[in-house]
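Here we start with a single chain on its own, the form predicted alone, put down as structure tokens.
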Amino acid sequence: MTETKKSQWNSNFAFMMAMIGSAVGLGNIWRFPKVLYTNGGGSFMIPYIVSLFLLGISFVLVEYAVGYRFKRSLARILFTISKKLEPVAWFILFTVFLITTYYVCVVGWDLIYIFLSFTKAWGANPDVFFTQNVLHATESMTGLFTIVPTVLASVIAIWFITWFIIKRDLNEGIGAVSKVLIPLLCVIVVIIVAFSLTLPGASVGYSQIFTPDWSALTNLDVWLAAFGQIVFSLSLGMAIAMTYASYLPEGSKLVDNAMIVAFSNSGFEVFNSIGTFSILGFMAVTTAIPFNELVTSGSGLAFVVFPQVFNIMGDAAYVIGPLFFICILFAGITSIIALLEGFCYSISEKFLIERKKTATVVCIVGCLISAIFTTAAGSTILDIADAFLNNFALLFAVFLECIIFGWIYKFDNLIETLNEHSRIKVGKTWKVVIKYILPVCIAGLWLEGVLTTINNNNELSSTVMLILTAIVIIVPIILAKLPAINKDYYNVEN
């Protein structure tokens, strides 16, 4: 059996919205403010901008060029370059799939909070409510045998929404949803930021962004934090840009599009952080809690600190609260469909399974895995899985892609592909960045992540990480070894 006709974006706008949707996610909303504040405030913008150009745009261009040139799935692209590289592709895709299984769970928590926000049902102590009433959290592994019904129902709902979108034709599903959700997301963020600037004490918050600590520029950790933020913010190494670019029609301006996506993503998170800091400034002034105690990363900011803010905001919180959590929902859904697309595409192309069936199987398997995170011990397992998959597997995947496309594949072909129709051109400088500078930066990030994870390890973490290590090695090898139903899959001409 041979492959059927390939899907293609029906407009550049649909592609741009899908790409921006893939980049704008939960990390932009709550991770960036924490990273910005703890790494020098305003002065952090210097390493951040350097990282955006040096790492972000440079690597996005690689993924655009590869996807557009080959117009194939990542698995088939690496098989085309070298048959020995196919397991690497499945390692990257499967790692991203596993990340999606717990990312869905966080978006599920947010879905619960949309309903809670209409009545401020979290009460006077949002921290205890989130831990005990929503998650029913316990660090004991016996909690794995206790399903939390509300969380499970919300996770199933998010998986159903995801399935409903990605099972459809490219433009009817991902394209149509992205063209609606991304503009709506931007409108909601503008409303939230505009309102936050009117709050008493807002200047206490947003001044943190514009007050630089210049000594931070000599701190290597600050630069690594900037590189790390760009990696996670732009979803580098996840094969998303590569997959979406493979659907582009001939004549597309790749470099121009990459610039727009990168700047839109960074602009979103910087603009959003002004609103976030203004709201936290309001809380600091109102409650006399030191500002540094309010700025937290991860779920704490979204599901603990902000409900505390909404409690003292008055009636306006009944509008701003739901808008805030809807904003997170939209960002989460567009990111989830992007995270799954590369995995679904590779499976569909190799085994000639139609899009709807592939999406159905992937979503069912993903939902079953996500069920682990809906247990009483789920949040504990989630934190361990997140540390391992992001600090170990994902950064290692980005490093491997740099080596493969910078050293193994004929790099000049990518330059030719990028410059063919783009108004903005790339040249030898970009080649030097990809071949030499980027691998060193990624290796530094990876080593820092490894050391951080090892230092924070305990017996439970070690056990979970050992299991995950076995899974991310064995499953990709099996997927690579399975014979392709699509006979064109073995056509290595390009």
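Residue numbers run from 1 along the displayed sequence. This structure is a prediction, so every number in the text was calculated from the model and none was measured.
Keep in mind the form predicted in complex with phenylalanine is missing from the figure; the text below concerns it.
Of the candidate stretches 436 to 444, 450 to 458, 22 to 30, 60 to 68, only 22 to 30 has residues whose heavy atoms lie within 4.5 Å of phenylalanine in the predicted complex. With the partner removed from view, the residue among Ser346, Thr101, Ser233, Asn257 that has a non-hydrogen atom within 4.5 Å of phenylalanine in the predicted complex turns out to be Ser233. This chain appears without its partner; in the predicted complex, the one residue of Thr375, Ser178, Ser335, Ser117 with a heavy atom within 4.5 Å of phenylalanine is Ser335.
Not displayed here, phenylalanine is approached by Leu339 to within 4.5 Å at the level of heavy atoms in the predicted complex. In the predicted complex, phenylalanine stays beyond 4.5 Å of every heavy atom belonging to Ile279. Within 4.5 Å of some heavy atom of phenylalanine in the predicted complex lies at least one heavy atom of Asn390. None of the heavy atoms of Ile174 is located within 4.5 Å of phenylalanine in the predicted complex.
Contacts to phenylalanine in the predicted complex (heavy atom within 4.5 Å) from stretch 236 to 262: Met238 only.
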